[in-house]
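As structure tokens, one chain now follows by itself in the form predicted alone.
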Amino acid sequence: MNNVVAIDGPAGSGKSTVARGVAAALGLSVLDTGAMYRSVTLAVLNAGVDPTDAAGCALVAKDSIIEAVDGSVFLDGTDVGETIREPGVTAAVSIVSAHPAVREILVAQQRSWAQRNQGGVAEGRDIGTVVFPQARVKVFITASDEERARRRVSDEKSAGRDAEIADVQNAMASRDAQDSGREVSPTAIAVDAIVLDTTDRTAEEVVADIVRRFNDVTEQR
């Protein structure tokens, strides 16, 4: 399955907004894989399982029904779009998502999603390197640490949660280190990925850039 746009990048880089825009422009479905890992983490916490318990987390992941498609996130039929963004989940998601068995389960689900949809736009941290290494277009989106923190604070305040830039920036740095340092599927830039810095670019500009590249590659096929 290579009719896929793979969008990777750290938190606050703008990849979710860009992924939705690209999907809308190309008429494709969009998959937020980060929301899937957050949903498993929420299920782990709800079940009273220690996030460091690899076997326990894998069992929860196997038994959970997760749908994180086109902007909606459901865990076992319940809308958890807001709940998975709460501090407790944010603090534990890097721990839960580092377990190899958890990643194996969710990667299989992500690939199955692409098969059912005959492609799509998938965003996360290991999409171009692990989940869809044959994606038609691979993009790694980044932004300055300050801009990423500013965006996340804006999102938190929009959701009615208090947040300070310094605290958010420290938390992001910690998660970046955890995600890039894990043994299985670390955050990394695929060798054939396009790196786009969104610090001083609008989402519309980035979306247009990716859509153009996708169309160029498609025409060459």
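All values derive from a computational prediction rather than experimental measurement. Sequential numbering from 1, following the sequence displayed.
The same protein also has a form predicted in complex with a small molecule, omitted here; what follows describes it.
Could you tell me which of 44 to 52, 153 to 161, 30 to 38, 190 to 198 sits within 4.5 Å of the small molecule in the predicted bound form, going by non-hydrogen atoms?
Every other range fails; the passing one is 30 to 38.
Residue contact check: Lys138 to the small molecule in the predicted bound form, 4.5 Å heavy atom:
No, Lys138 sits far enough from the small molecule in the predicted bound form that none of its heavy atoms falls within 4.5 Å.
Is Lys62 one of the residues lying within 4.5 Å of the small molecule in the predicted bound form, judged by heavy atom distances?
Outside the cut-off, so no.
Though only this chain appears here, would Arg148 touch the small molecule in the predicted bound form if you measure heavy atom gaps against 4.5 Å?
It does not: once the small molecule is placed as it appears in the predicted bound form, Arg148 has no heavy atom within 4.5 Å of it.
Could you confirm whether Val102 comes within 4.5 Å of the small molecule in the predicted bound form, counting heavy atoms only?
It does not: once the small molecule is placed as it appears in the predicted bound form, Val102 has no heavy atom within 4.5 Å of it.
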